[in-house]
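Only one chain is included here, represented as structure tokens and corresponding to the form predicted on its own.
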């Protein structure tokens, strides 16, 4: 359900982020993006753990590709993640904004207007959550992000991932019961909770079909939604050009148990629906899913 500890080595250091910040401020986004190509090539050669983790996805997504083509795909994935990080800083530093096209806004607004409770935003490691949060602020509700404390100081200090100012706040997944009690409380108060649903990282998972093979996805979010009787809105975003993002909140799941005997079966159906939606996303934006995990590896 929530983000767990990341077994893949963190990329980035204080000097590197300062260098990118200076170029971004002086020359703008396009030039800052250009710096990514040699930097990502370095990580492609030396960061074997991240390359291996990325290959698990690339092999499934591009089955017909040869090894050289797959390596190029991993390189492109690294570059797009780098652009994502630069865009995050571009937004939080106040240097500029992005044009955002949002699909399904009226539906999510209606859900909130017709209920005293909040909703769960089920997302994945796609697009840019800082950019997405600027859209969700229009709803006038507090948005809570469930995440593990960032243990890379350079990333934390540069991107302010633990910033709790304004209407965007943090619930730590390392709190008691992984923050479940806090999640239920804020949903009952009418707030929104954003939860990543594409990495198990030690949490209970359901095995569902994804990219042609069985993969493991955490299901805790659906258990919470069923217990608190709130909808789950799948939230996905993608970078469509240098200054434009697309945000989709049109897909809604309503977790409700029909009987105690069918709980596990019904949870599997909801997880499969999320996986299918994410699969459609990767077909359109194959190099913007930064999962860096082998979801297809059998669990013990």
Partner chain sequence: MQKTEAQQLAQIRKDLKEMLVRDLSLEDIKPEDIKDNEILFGNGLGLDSLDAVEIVVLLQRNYGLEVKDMEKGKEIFYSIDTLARYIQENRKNVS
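Residue numbers count along the first chain shown, from 1. Model, not experiment: these values are computed from the prediction.
The same protein has a further form, the form predicted in complex with its partner chain, not shown here; the description that follows concerns it.
A.B. asks: Looking at 115, 223, 142, 134 here, can you tell me which has any non-hydrogen atom within 4.5 angstroms of its partner chain in the predicted complex?
C.D. replies: Here the answer is residue option 223.
A.B. asks: Residues 180, 185 and 219 are flagged as a possible site; in the predicted complex, is every one of them within 4.5 Å of its partner chain by some non-hydrogen atom?
C.D. replies: Verified in the predicted complex; spot residues all in contact, yes.
A.B. asks: Work out which of the listed stretches, 25 to 33, 38 to 46, 259 to 267, 51 to 59, brings a heavy atom within 4.5 angstroms of its partner chain in the predicted complex.
C.D. replies: Answer to the contact question: 259 to 267.
A.B. asks: Is it the case that residue 207, even though its partner is missing from this view, gets within 4.5 Å of its partner chain in the predicted complex, heavy atoms only?
C.D. replies: No, residue 207 sits far enough from its partner chain in the predicted complex that none of its heavy atoms falls within 4.5 Å.
A.B. asks: Hey, in the predicted complex, does residue 93 get a heavy atom within 4.5 angstroms of its partner chain?
C.D. replies: No.
A.B. asks: At the 4.5 Å heavy atom threshold, is residue 102 in contact with its partner chain in the predicted complex?
C.D. replies: The answer is no: residue 102 has no heavy atom within 4.5 Å of its partner chain.
A.B. asks: Using the partner position in the predicted complex, report whether residue 170 sits within 4.5 Å of its partner chain, counting heavy atoms only.
C.D. replies: Outside the cut-off, so no.
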